[in-house]
Each structure stands twice: as structure tokens, then as C-alpha cells.
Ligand code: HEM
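In C-alpha cells, one chain follows: the form predicted alone.
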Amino acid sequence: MTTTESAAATAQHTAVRIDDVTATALPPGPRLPQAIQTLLFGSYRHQWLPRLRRRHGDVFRLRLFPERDVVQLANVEHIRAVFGGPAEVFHAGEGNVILKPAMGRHSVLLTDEEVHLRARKLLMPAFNGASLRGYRDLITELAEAEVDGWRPGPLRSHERMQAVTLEIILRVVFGVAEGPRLDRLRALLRRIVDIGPVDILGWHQPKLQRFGVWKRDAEVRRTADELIYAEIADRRRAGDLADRRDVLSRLLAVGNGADTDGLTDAELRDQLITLLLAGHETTATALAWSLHELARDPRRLADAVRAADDHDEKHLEAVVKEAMRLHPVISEVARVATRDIEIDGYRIPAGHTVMPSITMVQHDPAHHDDPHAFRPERFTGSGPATGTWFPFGGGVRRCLGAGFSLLESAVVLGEVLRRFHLSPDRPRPERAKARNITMVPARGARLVVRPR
């Protein structure tokens, strides 16, 4: 390492301090009222935050409802330091607390430190390489059934991707067999994942759950929980548990050794709902954006069709990864600082939420040449530099289901492309719009499909 490189590395290391914090100034940020900041962040963050970065730099502070101080990070070195920092200092579970009423207190996304490590250890076997290979056949069967039902003409691809990813979760993750329980769960879970801002308000105001839409939401969740607990009870009694290949059955089969207890029914329920809420909309939206971009790029579409015909899932995975880079479904991840820290010379007080920005990094020309162009070839070969693509988060909190999502996406995309030719329904591409904590195609990623 040269002297210049050594100095740069030292500067990067000291840009984030966990001990010996000396800074006193808070990060800069907009002076707008909290309500206005909350509105802009909730509905226009993909446009507003880059503007704030240009004005204030890579570290800036927002004040969001309810009483939350948020520090956005756009510098890759700062983000790496946060992801690699001590788990007891950067609490991801606290950062996701808004989801607690839906996911439950045991969710792997909402716990921290030892509690999180235990849950992660018990969940990991269900998402290792051998387990993923065991899910492939059923994912393929469900993808084939979905695409076989398509008819030539206009198609809302986001809606169809939501349908197939929900079915995959029900059959591959929950392991529910065909029958009345599957039909009831399908209807209920479809309502649970269709979350709006009004629904979220009711999550955090129990008194509202006695009225109108919030009362109906609470009743849907209670009924779904009853069915999930019934499925767990039946599965515990199943004599063929060891032969089953769904995620729930694998979770029931682990963690019963002398060194640790297995997951309780309540923990299983919370992890299943977490996998539903974290894995349904994100994967469906990534697939919809993939189809949207391919339909508008004949060259990349031809490459992807050839890969589908050759069963080249690495290339299909690259298509989905590039769609996730260009159109991040989740625009940032959250960590709550449990004590005062220092980033780039600014004091971040304990209790502040630090948010590494996926969108600002993945759209940065310093990391991705011509960042607003769709180029799946970025992800062939060595791929982008480490830390410049992180739709699944990073560090010890990187999403456990990342491999499952990418497998599912490659299989579904392959089935679509082997059967249909894609074209846009109009020349102008769709914009992204905020849908609660996700960014989705504003018109549903509309396409025109015709049989090959």
C-alpha cells in the first residue's frame, strides 16, 4: 500500500467513530416542519433525498413523525462502517420497529443482539444451498402454472408477479397443501400484504382498531393467525416431517438439540409473517421492473430470452439484480444508534436512526457508470464493487432470504421468457411511486405479451 492509500484508509476509518466521540455539531438538514418532512419522505423520497444530498452532502438529518431523528448516509465507506460496526451499537431491530404490530415481537427483523442471533441461527438451515435446491421444483411448478394462465395482450405484470410470489410463499414457505385452508389463507394474506398508510396508522393506535377499516384489518390478522397456528399444530403432529421440503417443516426440524431450544409456535408465526411481508412485495416488484425494462430494450430482451432458452440462470439473475439496482424496492435500511457516535465530523446522538441509502448509492455515477441505464451485464463477471449494491442490506443483518429471492426470480423470469415475447404498452417508461416503505411501478409495470 502506498503512503497515499494508507492515508486514505486511515481517513476512512476515522470518518466513523464509535469511541472517543469529540464532535459536537449535528448533521445539517432541511428546516421544514416535521409534518412536511414526513410527507416528502413518505411520498417523494426517491426525488427529494438526492436533492438534499446535493445541498447538504453525504450525511444529513431529517425529523420524521413520530418523533424520529433520522440521519441519511450516502457515502459507501460510512455505510460499510455501520454495517460492520458492533451489533450492540447499531440496532437494526429497533430501526424496523414500525413493522412490529404486523410481524410480531419475535421477528428476526425486529430483534437485536443475542435474541436476533438465536433466531438467525435457527432460521439459517432453511435457506442454505441444499435447502434452496429442494425448493426449486415446486417454485418451477408454480411459476409454470401462473404463466400458462396468461393470454395474449395487455398485462399488468406487477399484479401477476404479486400473485405468483404469494403462491410461492404459501406453498414453499408455509407449506400449506391444496384445500380449504390454503384457499382461506390465500384470501387473508392477500389482504395483509396490501398495506396502506391508513392501515399502518391503525397498527400503532390500538383504540382505532375498534372502528372501520382498522377493525377489519385486526379481524383479518386474528383470523389469519388462527389458521397459521392450526397449520403449525398439524405440522408438529405430522409423521413425515423429515421428508417435507417446505420452509416451515425445515424450521420445525431444527434447533431441538441439547444446546438450544427450537422455535415456539409464537416465534414460528412471527417468522412466517416476516417472510411473507419481507419477501412478497420486494420480489414481486423486482420481477415487475425486470419485465418492464426488458420490454423496452430489444437487445437486452434478446439476451435474456437466449439465457432462458439455455437455462442460464446466472444471466437471468443478473437481469433481476440490475432491476433492483436501477429501481430499489426499499430505498434505505435503518439502524438505531444505542450511544453517541460520530460520522464525518458530526455527532449522531444515541437514539437517532442511521439510514444507509440504497437509492443514493446505487444511482451514484461514482459507483455505476451511466447509472440510470439498464445494463444487466454489470452483474456478469466480477460485478459492481463491494458495498455499491445492497438491496438485501449488509453485514450480519443481510437478508436471510436473499438466495431464495434470487432463485425464485430467476425461475419465474425464465418461465415467462420461454413462453412469451414482451413489448411495452406505450413508449414512455413508467415512473416509480412510493407505496408505504416500498417503491413500485406507478402503473403496475404494464406490458403487452404475445406467445413466442
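Heads up: residue numbers just count along the shown sequence, starting at 1. A quick note: this is a predicted structure, and the numbers were derived from the prediction, not measured.
The same protein also exists as the form predicted in complex with the ligand; that form is not shown, yet it is the one meant from here on.
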#### Entry: Among the candidates A323, L316, M161, V333, the residue which, in the predicted bound form, approaches the ligand to within 4.5 Å (heavy atoms)
V333
### Message
So the ligand isn't shown here. In the predicted bound form, which residue out of V70, L400, L422, V411 has a non-hydrogen atom within 4.5 Å of it?
### Response
L400
#### Entry: Segment that reaches the ligand in the predicted bound form - one of 153-161, 361-369, 270-278, 186-194, heavy atoms within 4.5 Å
270-278
#### Entry: Contact test, all of F83, F127 and T282, partner the ligand in the predicted bound form, heavy atom 4.5 Å
yes
### Query
Just to confirm, H116 within 4.5 Å of the ligand in the predicted bound form by heavy atoms?
yes
### Query
Any chance S405 has a heavy atom within 4.5 Å of the ligand in the predicted bound form?
yes
### Query
Is V396 one of the residues lying within 4.5 Å of the ligand in the predicted bound form, judged by heavy atom distances?
yes
### Query
Is I79 one of the residues lying within 4.5 Å of the ligand in the predicted bound form, judged by heavy atom distances?
no
### Residues within 4.5 Å of the ligand in the predicted bound form, restricted to 106-127 and counted by heavy atom
V108, L109, H116, R120, F127
